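This document opens with one chain alone, in structure tokens, the form predicted alone.
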């Protein structure tokens, strides 16, 4: 293990040293070239993980600050490298992480799950749709789909599978195999339906906005993602049900749900307060334009309200490692990207690509090609955040040089990150949690994931593109 870590570190050092020793290409300054080398090393570090993501990014930020200070005549200052920590995108995600933690600590997430099971979970297939409905409701305020799927939905569905007599070793196909894989496919779908449903969404939007110079609001994202997402949620539980059919079709949902609700007891004040703040945040995001607020401001106000009324304590926030990790490395990657943009790196990259990609036109067929390639590339990444940082700027730049409609391509790329991770059981952090329960085999998981990913791709290209174009022309985007 130590040898492997040392090799990864050596690789990162070599990338940076090469950018220092090799002269910059024509049209690029030496400073921009070195900063690009640091950025590339950071991306490789996020993928290979010789250190945790925050450590990788903090070192990259430190080296970038030193590089900028070394070239004193540059218009870029060291403060530009740190600008990501002042970015509203960073604080939007961090604040939303607080709300998502509240669903776990207050028990409201579990209560919602048992209530839906009581009302709608009479069969195993219906239980699959209950999972989809629960995830959909939690998604707008839960940027960690790991917390949403792995921390709220999975423990409940896993306990139900065991209560139904489905054991991971002796009887996985009785109910557990279908129920587990359905959790993952559903959460990879809800993750692209809202800007705040997946932490990588805000980062990807920020990176694309720097390249395309476009703006997509929280409401605009929702209007673009909801219709195609709802179409897929209507069929995903059924797809898994047909490909990996459970042996048990009917369940005693009343007994299971009643027992769970009795364990939780009556709804407490913290849960009631969270309901108020949750809907207030949704209304704030929807009507932010009329309130004179942006999505980040609404999220921070919601976090402040949750703290002020003791719905969640400061100690709960301190223990929310996912939120702090995201704050550190998202702020770092946004700052590095902004610095490269100010140095003219992405403009140079676009000019370079324009001489090698002249076979691509400006029509929708280019969007289809780019998004399909992005899905294939997504297969190689175990982290959605790492994929966003590494590949989204590249695909966006390719689209930029072809003259493709920027907003349409941006939405296609932004959404494909989530559903592209369906294929494998390691395509997102929730995957290993669910797969480790022991119900699923790789073959059926990958077959279902491939079908879901490819069908989603077709729906987005056939239904999504015309819908997004309509939103754009009507001024709703």
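Remember, predicted model here, so these are calculated numbers, not experimental data. Residue numbers count along the first chain shown, from 1.
Keep in mind that the form predicted in complex with another copy of the chain is not shown, yet the notes after this line are about it.
Just one listed stretch, out of 291-299, 231-239, 142-150, 392-400, contacts another copy of the chain in the predicted complex at the 4.5 Å heavy atom level, and that stretch is 291-299. Of the candidates 283, 214, 254, 86, 86 is the one whose heavy atoms come within 4.5 Å of another copy of the chain in the predicted complex; the others do not.
Proximity to another copy of the chain in the predicted complex, defined as a heavy atom within 4.5 Å, holds among 40, 59, 437, 451 only for 59. Of the heavy atoms in residue 99, none are within 4.5 Å of another copy of the chain in the predicted complex. The shortest heavy atom separation between residue 70 and another copy of the chain in the predicted complex is within 4.5 Å. Put simply, residue 315 is close to another copy of the chain in the predicted complex: some heavy atom of it is within 4.5 Å. Using a 4.5 angstroms limit between non-hydrogen atoms, residue 158 is distant from another copy of the chain in the predicted complex. Taking the partner from elsewhere, no residue among 129, 424 and 431 has a non-hydrogen atom within 4.5 angstroms of another copy of the chain in the predicted complex.
Applying a 4.5 Å heavy atom cutoff to another copy of the chain in the predicted complex picks out 314, 315, 318, 319, 321, 324, 325, 327, 328 from 314-333, in order along the sequence.
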